[in-house]
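Okay, so here's just one chain, in structure tokens, the form predicted alone.
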Amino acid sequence: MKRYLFIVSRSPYGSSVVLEQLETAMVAAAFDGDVAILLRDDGVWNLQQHQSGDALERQTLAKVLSGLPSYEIDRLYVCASSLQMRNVAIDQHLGFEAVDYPAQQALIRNSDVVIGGQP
């Protein structure tokens, strides 16, 4: 089984990149991939509570994130320093674990495939 790591570093609603990454992760998991998600940089804004994509006619990404465990995607990580720099708190219901740089490097090193969105 291949181990996939999706690194989400974009804010939630600036483009469709984040939703496309998450949809690709769900497809990989559906085909028996071992999938992990890492939010870092502006990607931590995806964790904001009380999001609503309705005003932009987009899917609310917090809802997509909360559905990841139904696709057996339960390795969910967020960069601790990105959270701190942006003063974002983790919504505990989403199940993300804050990790430091050495842990992020280990995630990358232990993955067969690493997929990041455009910067």
Partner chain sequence: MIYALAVHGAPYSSNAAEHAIGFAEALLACGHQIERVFFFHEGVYHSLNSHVPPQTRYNVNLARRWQSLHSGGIELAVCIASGIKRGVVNETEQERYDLPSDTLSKTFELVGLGQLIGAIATADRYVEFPA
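Because the structure is a prediction, the values reported are computed rather than measured. Numbering follows the first chain given and starts at 1.
Just so it is clear, the following notes concern the form predicted in complex with the partner chain, a form of the same protein that is not shown.
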So, A28 and the partner chain: in the predicted bound form, are they within 4.5 Å at any heavy atom pair? yes
Is E97 part of the interface with the partner chain in the predicted bound form - any heavy atom within 4.5 Å? no
Indicate whether Q105 is a 4.5 Å heavy atom neighbour of the partner chain in the predicted bound form. no
Determine the residues of 15-46 with a heavy atom within 4.5 Å of the partner chain in the predicted bound form and present them in sequence order; the list may be empty. S16, V17, E20, E23, T24, V27, A28, F31
